[in-house]
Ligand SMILES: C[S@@+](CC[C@H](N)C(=O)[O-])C[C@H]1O[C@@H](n2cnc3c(N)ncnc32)[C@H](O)[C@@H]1O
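As a starting point, one isolated chain is supplied in structure tokens, in the form predicted alone.
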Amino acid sequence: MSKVNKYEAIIKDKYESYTEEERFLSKHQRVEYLTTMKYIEKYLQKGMKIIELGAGTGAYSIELAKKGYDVTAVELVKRNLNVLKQNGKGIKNLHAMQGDALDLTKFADNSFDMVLSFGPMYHLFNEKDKMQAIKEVLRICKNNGIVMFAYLTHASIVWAYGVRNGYIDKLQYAIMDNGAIKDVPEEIFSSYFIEDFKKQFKNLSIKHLKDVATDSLFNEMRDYVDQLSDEKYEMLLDYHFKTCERKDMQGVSSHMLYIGKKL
């Protein structure tokens, strides 16, 4: 048990019984993966040393390792880590290990050219832990290195959980006057408004590069999207790629990606 993350048991309980490896199989879910990979590839340079925190079952880490990059995959949940190791078996430049994004002391300062934090910010429930996770990412990233943080929007909780699952009445206790969703550990996920997520970096040594809506309305429109022909899906995906950086299109995206450069 981690001495740092007091919510580790709640997180592990969620994911030990969840088939994370199936998360990107459907059309509506795969758009998040395709969009994120598209932006990772924009910043890749030959010889980069990469670490992914909250690596899940290795969708990103394994793909990047197959492309020839030296990749370290850190995952909190043992079940996910075991699947990752099995799927990445034989890839010598993939290093998978169990770890907590709040405590990366096993890694030295300025160790990686690119740091991907694709799971931790979903499950941090107080300002101290959120800042600790961000500062650890920046600490292990090299100067001028690229950092990426994935996070959930408040809209994703309201529409995907509240409306689609029929729990909008049960969600009322968590909706604050400004429309934000309270951080409640027992509900597993934490969420943000885009401007609030970005405020966390205000006094840190980082240059903000891009905000990307990685799945737009695909999650909420899954019943329609999953029935699309491959041709029509590609058309919709093309539209998404053209608009995913537009600020006026981002607020209702379920998943967001913050991209920055360490100064």
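If you're wondering where the values come from, they're calculated on a predicted model, not measured in any experiment. In this text, residue numbers run from 1 along the sequence as written.
One more form of this protein should be noted, the form predicted in complex with the named molecule, which is absent from this view; the next part is about it.
- The named molecule in the predicted complex comes within 4.5 Å of a heavy atom belonging to residue 80.
- A residue is said to contact a partner when one of its heavy atoms sits within 4.5 Å of a partner heavy atom; residue 183 fails this definition for the named molecule in the predicted complex, lying far away.
- In the predicted complex, the named molecule sits within 4.5 Å of a heavy atom of residue 122.
- The named molecule is not drawn, but in the predicted complex it has no heavy atom within 4.5 Å of residue 162.
- Across the options 154-162, 167-175, 134-142, 111-119, residues that bring heavy atoms within 4.5 Å of the named molecule in the predicted complex belong to 111-119.
- For the options 60, 39, 197, 69, the one in contact with the named molecule in the predicted complex, meaning a heavy atom within 4.5 Å, is 60.
- In the predicted complex, the residues of 41-58 lying within 4.5 Å of the named molecule by at least one heavy atom are, in order, 52, 54, 55, 56.
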